[in-house]
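Given as structure tokens, the chain that follows is alone and in the form predicted on its own.
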Amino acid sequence: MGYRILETEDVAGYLRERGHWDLSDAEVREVSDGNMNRVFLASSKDGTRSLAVKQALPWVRVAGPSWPMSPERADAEARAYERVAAVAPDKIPVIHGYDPENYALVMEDMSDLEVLRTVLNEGAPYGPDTSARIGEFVAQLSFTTSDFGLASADRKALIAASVSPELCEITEDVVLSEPYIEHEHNHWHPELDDLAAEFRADARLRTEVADLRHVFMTSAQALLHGDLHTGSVMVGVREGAPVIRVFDPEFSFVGPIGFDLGLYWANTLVSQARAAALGAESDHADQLRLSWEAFEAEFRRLWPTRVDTFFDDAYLDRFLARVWTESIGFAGTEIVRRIIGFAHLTDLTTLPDPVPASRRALLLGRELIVGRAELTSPEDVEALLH
């Protein structure tokens, strides 16, 4: 039939066609929330069964046809889920099927869970294991898709299959260059005009961002989620146990491991800035340390299974130190772009007065970028916060 864009009234029939659904009384509603795709929930009237359908559009959803975007990004998302399902199935939604002709994923309904950013913005703490599970997720995905976890020929095949030039270019521009130049995508609170101008005129900052941009463009270390932040994590409780689900890996490609960690860390640091602005007690400042410790512990646990033992334990120490430093730098770039670039964070924009927290966060972001080589531990970052 060829690619067709699904509407609410099409979803029940589509699920039947794909062999997922045998009910004629399915209730379907659209719950699209992000910038890129459409998402539908289909449920039986008695509430005993439900599924989610996510379809990639041939454009950015919030912009429409004026911003075309290849729907093939759904292929990258499906590949990422398949890889993670083999090593960390408890940390992603259950995928019931992928339809490459229509760029549509059918997955578990997660409407009983909440987006982590929403939970935090409402004043709740991180769950006791949330950041540790995120650190484990990154370690499990990155180790098993790196030269440590895959034979050379398999790695080359993975790199070739995971090339995503269109989405990588978005990151290269929106995160790793545009906030430091004059660009139509950039916007900020008027009271941040001075800092935005300073950042554009800061030669040292621009050079350090250029270095991180080149790392992003050339360092094919492992398969990444590619857009790992508090808005791409669902949390909740099922059967009395805490649950996390990492979702939306459509920016997935083979790149530097520190990029995934850095994006998550930036979001935890901004959530800390929000809590501090509201005068709230929080555990947000601990999350960077907790996720790094879990990442490092899991990576070291997997290390004895490496396929090439020429890489010795001393090299592991060196490699992890490099990942740490790059993660800190990428965290800084994500903070900056979320305040004076494109796609701001509701953590800050919904504050009664977003300016003081935004200023502090921007300055923190700069220090993470230019001082990343000297920031050698989570304690060093915590000292910056204070």
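The structure presented is a predicted model; accordingly, all values stated were derived computationally and were not measured. Numbering starts at 1 and runs along the sequence shown.
What comes next is about the form predicted together with a small molecule, which does not appear here.
A.B. asks: I need the one stretch from 138 to 146, 269 to 277, 194 to 202, 247 to 255 whose residues put non-hydrogen atoms within 4.5 angstroms of the small molecule in the predicted bound form.
C.D. replies: Checking each option against the 4.5 Å cut-off leaves 247 to 255.
A.B. asks: Considering L302, L290, M107, L316, which brings a non-hydrogen atom within 4.5 Å of the small molecule in the predicted bound form?
C.D. replies: Checked against the cut-off, the match is M107.
A.B. asks: Only one of A285, V115, A294, V243 gets a heavy atom within 4.5 Å of the small molecule in the predicted bound form. Which one?
C.D. replies: Of the candidates A285, V115, A294, V243, V115 is the one lying within 4.5 Å of the small molecule in the predicted bound form.
A.B. asks: State yes or no: in the predicted bound form, is some non-hydrogen atom of E27 no more than 4.5 angstroms from a non-hydrogen atom of the small molecule?
C.D. replies: No, E27 sits far enough from the small molecule in the predicted bound form that none of its heavy atoms falls within 4.5 Å.
A.B. asks: Taking the small molecule as it sits in the predicted bound form, is M36 near enough to touch it, meaning that at least one heavy atom pair lies within 4.5 angstroms?
C.D. replies: So M36 counts as contacting the small molecule.
A.B. asks: Contact with the small molecule in the predicted bound form for K54, defined as at least one heavy atom pair within 4.5 Å: yes or no?
C.D. replies: So K54 counts as contacting the small molecule.
A.B. asks: Is it the case that S111, even though its partner is missing from this view, gets within 4.5 Å of the small molecule in the predicted bound form, heavy atoms only?
C.D. replies: Taking the distances in the predicted bound form, the answer for S111 is yes, it comes within 4.5 Å of the small molecule.
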